[in-house]
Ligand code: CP3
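Single chain ahead, by itself, as structure tokens, in the form predicted alone.
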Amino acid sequence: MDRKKFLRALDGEILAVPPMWLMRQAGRYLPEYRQTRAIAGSFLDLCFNPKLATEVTLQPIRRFGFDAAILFSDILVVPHALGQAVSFEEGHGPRLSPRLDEDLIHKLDHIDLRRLDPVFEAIELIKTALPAETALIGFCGAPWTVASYMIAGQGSRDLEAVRIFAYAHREAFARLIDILVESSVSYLLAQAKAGVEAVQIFDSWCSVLPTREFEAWCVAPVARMVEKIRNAAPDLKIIGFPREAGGNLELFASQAKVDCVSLGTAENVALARKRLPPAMALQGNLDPLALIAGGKALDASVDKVLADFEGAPFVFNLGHGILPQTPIEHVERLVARVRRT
């Protein structure tokens, strides 16, 4: 019983009151985060300042007492460590340059983890400051999602640029995915060495792909990552988040072999529970907009999620990240309702 509640759920244990954390729980909805962000300068400066990254990671733990903290960083630190220039423009999101083409992909080398030393230093600081019962989660982007930014140079809803590139230049794109698999594994293992106890692999943009491409660019790369991580760090727990995979969710779960599958907001939980192994831990999937709405709508939505996952090894979370306009009192109400306090 000394094992942390969050890790027990990932082990497959069914708990009467599920552990909980929220994606993007350290963020702009918190006034203390906004104050720290103003001190840091740019967003990447905040990610690469170990003391400030530690501070914002701990802020939601102090406020809400979540069962797990997630390292404050960004999935695009991997392209940064591969040599691509990364910046974040207020109101426009990330910008990466140069945009990758065939020639640049063939010139890519493996990741320089020294460029990410501040991240590992932050993990060590966070680990010493966390309450004994609170787990620490590390993360990275899945190869497909990270590649989409590296090819397009920015975010995109339909992912037209990367999808066309993957069709037209399959060999070059496969090489990019291979580099991202190896780089991401090295990055996550370094996070584990620094002190994280679980990692989440975010495939935020996998839902746009037909099944053949989903299997090639989403499932197979994550499966390779999981195998390599297990060989090197068998005790590290792995959460996969193939956001809104829908009909491809079973394919992901059966082949990727993660410890836990995180479900997006629109996933049919009843269908997922029928198709996924009953011993597999699940995570999710409250609509972040219900959290903004608050009141009786929030209560009903929380109760529905709890009922949907009853009897399963389960971690309560959102179906995607918490939004900046979320009222703090609604998060407090959410925590009280999940914990029945």
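Numbering starts at 1 and follows the sequence shown. Since this is a predicted model, take the numbers as computed values, not measurements.
The same protein also exists as the form predicted together with coproporphyrinogen III; that form is not shown, yet it is the one meant from here on.
Judged against coproporphyrinogen III in the model of the complex with a 4.5 angstroms heavy atom cut-off, the residues R24, I70 and L76 are in contact without exception. Of the candidate stretches 176-184, 111-119, 85-93, 124-132, only 85-93 has residues whose heavy atoms lie within 4.5 Å of coproporphyrinogen III in the model of the complex. Interface membership of F48, defined by any non-hydrogen atom within 4.5 Å of coproporphyrinogen III in the model of the complex, is ruled out. Coproporphyrinogen III in the model of the complex comes within 4.5 Å of no heavy atom belonging to F309. With a 4.5 Å cutoff on heavy atoms, W205 counts as touching coproporphyrinogen III in the model of the complex. The shortest heavy atom separation between R28 and coproporphyrinogen III in the model of the complex is within 4.5 Å.
Taking Y149, F252, W144, F165 one by one, only a single residue has any non-hydrogen atom within 4.5 Å of coproporphyrinogen III in the model of the complex, and it is Y149. In the model of the complex, coproporphyrinogen III lies within 4.5 angstroms of at least one heavy atom of each of the following residues of 28-46: R28, Y33, R37, F43, in sequence order.
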